[in-house]
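Have a look below at one chain only, the form predicted alone, in C-alpha cells format.
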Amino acid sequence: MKLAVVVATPEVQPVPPVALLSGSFWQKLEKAAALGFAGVELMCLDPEQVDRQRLVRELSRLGLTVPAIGTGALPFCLGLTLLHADEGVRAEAMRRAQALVEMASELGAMVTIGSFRGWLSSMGRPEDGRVALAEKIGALADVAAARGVRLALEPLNRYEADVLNTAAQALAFLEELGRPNVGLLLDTFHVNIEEPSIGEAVRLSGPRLWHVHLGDSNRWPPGCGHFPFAQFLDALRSVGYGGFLSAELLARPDPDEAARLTYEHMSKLLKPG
C-alpha cells in the first residue's frame, strides 16, 4: 500500500476543505514529494485549464503517481451533480465528468464519485432517482471503459447522501449496474459512521475495493481521533489490497500540517513488523 494526498488543481476555487497542502499547484506537488507521498489525488474542475504536459513532466521528475481524479470539486464549487432537478445541471455535470475521464486516461488514473452523484430526493420519488443514477453512472462507465478508465464509487454517510451509504449497498448497486470497470472507494471517515464492522466492510468489498480515503473519526488527520487505523490496515491486508491510501480530510490544523501528520502516522503503521 502507498500513501497519497489530495490536492486541488489551479482552477479549483474555492479550494474544497478536504484538499491539502498550501502554495501554488506546482509547490503542492513539490511538498507532497518532499513529505514522502508516492501519489497525489487531484481535485479538478476543468482539465483544459491544467497544463497537462507540464503536469506529466513534474510528476515524472518528482516520482509521483496520480492514482485518482476526484469529482468532489464539481458539486462543491459549481453545484454540479449527476442527480439534480435541473436537466441542464445534469447535462453539464456529465460533460465535466467525461472531461475528467479523458484526463484520467492520460494519467493512468481512476475517477472517483462521491458527493458528485447527488441526492435521490432531487429527482422526486426515490425509485426514479435510483433509475436515473444507474443510467448516469452506467453511461459514464461506458465512456470510461472505452478509454481504459475505472470508476470508484464512494459510500457516504447518511448526513451527506441519501443513497449508497454502506459498502453493502454500494456493492448491490454495482451488481445491478453490471459494469466491470466500476468498483468501490472506502473512506475511513464514512466507514466509521455507517459500518457496523470495519473489518466486514473491507472483507465484503474484497476485489472490488480499488481506492481508499483517509480521515479520522473527526475527519482530522489519522491519529487525531479514535478510528482504529491499525485494525483497518490489517483488514486491507487480509483482502490483498495493494492500492493507495489517500489523505482526503479536513486541513486541520492547517493544510501542510494535516498532510505531514497523515504521512507520519500512516507510514509508521505501514512499516513491516
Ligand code: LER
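Fair warning: this is a prediction, and the values are worked out from it, not measured in the lab. So that there is no doubt, residue numbering starts at 1 and follows the sequence shown.
In what follows, reference is made to the form predicted together with this ligand, a form of this protein that is not presented.
Undergrad: Heavy atoms, 4.5 Å, this ligand in the model of the complex: which of 57 to 65, 22 to 30, 211 to 219, 236 to 244 makes the cut? Say which one.
TA: Stretch 211 to 219 is the one.
Undergrad: Looking at 105, 115, 165, 98 here, can you tell me which has any non-hydrogen atom within 4.5 angstroms of this ligand in the model of the complex?
TA: It is 115 that has a heavy atom within 4.5 Å of the partner.
Undergrad: Using a 4.5 Å cut on heavy atoms, which of 176, 160, 86, 127 is close to this ligand in the model of the complex?
TA: Filtering the options by heavy-atom distance leaves 160.
Undergrad: Given that the partner is absent here, does residue 154 sit within 4.5 Å of this ligand in the model of the complex, heavy atoms only?
TA: Yes.
Undergrad: When the contact criterion is heavy atoms within 4.5 Å, does residue 187 count as touching this ligand in the model of the complex?
TA: Flag for residue 187 set to yes.
Undergrad: Check residue 72 for me: does it contact this ligand in the model of the complex (non-hydrogen atoms, 4.5 angstroms)?
TA: Contact check for residue 72: yes, within 4.5 Å of this ligand in the model of the complex.
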